[in-house]
Structure formats: structure tokens, C-alpha cells
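Below, in C-alpha cells: the form predicted alone, a single chain.
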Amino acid sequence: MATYDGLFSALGLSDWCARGAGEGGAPMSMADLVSQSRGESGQEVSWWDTPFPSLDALHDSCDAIPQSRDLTLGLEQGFLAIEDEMSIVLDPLTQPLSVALRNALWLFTETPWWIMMPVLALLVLVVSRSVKLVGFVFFTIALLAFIDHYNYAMQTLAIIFTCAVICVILGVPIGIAMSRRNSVQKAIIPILDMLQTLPPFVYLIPLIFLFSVTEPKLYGIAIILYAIVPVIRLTDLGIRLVDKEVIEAADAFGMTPRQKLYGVQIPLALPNIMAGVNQTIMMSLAMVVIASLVSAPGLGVLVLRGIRNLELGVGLISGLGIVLLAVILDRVTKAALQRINKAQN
């Protein structure tokens, strides 16, 4: 006798429950098979061990009630039913992302090292104006090249560069729109909360069904969705934190809303925006490693290889390379942020 048999009998639903018997449904779980083999199916359950009236517990007493596995199966079938229509709409919209990632990977990997390394050093010098930081970056990339990890490092940098630029291009306007209208902020905040709390692996599940594993946009979309949240939030926060007296002074001078935005609000919010860019780059790097599960190239592939084949050295060395890249990107963006703060002060 199941736990809730008496409840359905008291409610007069015994006949309705009996109709669901023999209609198939989900296969028997391992726990049910074990209990049945032990002859425990007919044992009475004490009040102390009364299970919560979940779908599975109610199904034991009433076959007409679906199981939890039926619910997840229905969700999967519903998604598969609209998969083709979603792919038809999303494929053309996301194809430019695949093109951008392919071109970035080609540029970073096919450019000779004796050109790429000085260009990166020059870029760091322009951004940070720090000779020490330039030396550190040059030494780090040279070290990765010395241990034959140069191509993997360049692939990782290409993906991060492309996805971070797209995050900034999309995230800053969204943050500006949120700062200008409270209704837009209230509508977008729940979406950002969901994106920020969703486990990284969950991003990959629907994308695997929608796009081919050979398409770069598969991991590109996952990285962008995971990393775009900080730049949106901090752009919104930075513009909202602009001193109201400064805004009143701009109004007194007769500035239009567009002039206030580009001439006052964005320059004063730039430190917060740059902090958001820094966090976006760091989160992109973290997601690149996870995206190696769906064919994302770079150092994450070596980490995955070390896990799969139990190659301790490969995993540790590639992990160290990822740490070095993270330090480089963090130091460069923070140096740019310090320059902006000094200029404003």
C-alpha cells in the first residue's frame, strides 16, 4: 500500500487513478526496482518517514498523475518540436558571429610570432603606458611559446577579444538604456539575474540542439551570454552615479540629452564601464575553458585533454597558461582604468 492511497480514496478519486494504470509512462526507476526485488513494495511507511507529496510519491498511489521524469521528457519534446523553426530564425542572425570568430582565429594564429608579439606589446604600451607591464606581457607570451603553447594561447586570446568586443558593443547601449528609463531597468534586471546565476554548463545544453558543434557561434553565444552581464550592470550603475549637480549644470548650459550623455555622463561613468569590461574579459576567459567541451579551441582543449586522459602535466601546464593569460588581461585593463581615473582627477 502506497503512502497516499488513503488520501485519493477519501477524495473519491480511486476510479480516476485506476484509469491511468497500464498506460505506460516512464520506466521504473532503479530505486523502485531495488525495493521491489527486496519485497519492500507492500510495506507500510511510518508517519516519521512520510515522503513529501511530490509527483513521484503521488504517482505511486495514483497512476493518472505523471512522474517527474514525464515532466522533463515533455519539456525536451516541446523544445525539439520547435527546434527546426528556431534554427531557421537564429542561424542567419548568428552567422556573423561565426564569421568574426573564424577571422579572428585565422588572424591570431596565422600571423607570424615575430609580428604578433611586438604588436601585442605595442598595444599594451598604448593602453597602459607601462614599460614594466609590456615586459611582463612579452615575457609571458614568450614563455608560452617556449613550451609550444603559443598557438593555443593565441586561439584563446582571439576568442576572448572577439567575444569581449561584442559584449561591449551590445552591453554598453543596453546599460545606457537601463540608466535612462527605470521601466527598461526593471524589465532587464531579472534577465541579468538569471544569466548571472545560471550554471555555465547549462548555457551549452540548448545551444547544442540548435547549432552544429562545428560552428564557432555555438561556443561564441555561450561566452557572450555568460560574460555580458557585468558590462551592462556597471554601465547602468556608472551613469546613475553621476552627480546630479553636474547634470543640473549641464541643463543650465542648455545641453541636449544626447550632448549630456556623450559629453558628461559617459566620460564620468567611464571608470565603472571599464571595471565592467575588466570583469567581462575575466568571465569570457573562464567560459572559454568550459566551452572547450563543445569544440572551442585554445588552452581549454589541453585542460580537457588532461582530465580525460589523466595527464597531470598537460592539465597543470595548460592551467598555468590560462592563469598567466588572466593575469595579463587583468593587469592591462586595470592599468587602463588607472589612467582614466588619473585623467579625471
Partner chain sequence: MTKTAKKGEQKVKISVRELYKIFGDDPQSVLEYAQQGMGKTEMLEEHGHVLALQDINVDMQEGEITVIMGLSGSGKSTLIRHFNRLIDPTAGEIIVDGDDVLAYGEEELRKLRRERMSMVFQKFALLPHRTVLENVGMAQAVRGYRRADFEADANKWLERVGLQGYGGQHPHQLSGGMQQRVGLARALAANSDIMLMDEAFSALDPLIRTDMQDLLLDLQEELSKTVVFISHDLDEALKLADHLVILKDGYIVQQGEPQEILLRPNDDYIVDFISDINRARVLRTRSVMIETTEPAEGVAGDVDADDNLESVIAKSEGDTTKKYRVLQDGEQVGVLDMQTLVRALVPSQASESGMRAAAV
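Residue numbers count along the first chain shown, from 1. Keep in mind it's a predicted model, so treat the numbers as computed, not measured.
Absent from the display: the form predicted in complex with the partner chain. The rest refers to it.
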Quiz item: Taking Ala252, Pro257 and Leu268 as the candidate spot, are all three within 4.5 angstroms of the partner chain in the model of the complex by heavy atoms?
Solution: yes
Quiz item: Using a 4.5 Å cut on heavy atoms, which of Met116, Ala275, Val264, Ile166 is close to the partner chain in the model of the complex?
Solution: Val264
Quiz prompt | Listed residue that, although the partner chain is not shown, lies within 4.5 Å of it in the model of the complex (heavy atoms), from Glu248, Asp84, Asp148, Glu110 | solution = Glu248
Self-check item: Interface stretch in the model of the complex with the partner chain - options 138 to 146, 120 to 128, 238 to 246, 97 to 105, non-hydrogen atom within 4.5 Å
Solution: 238 to 246
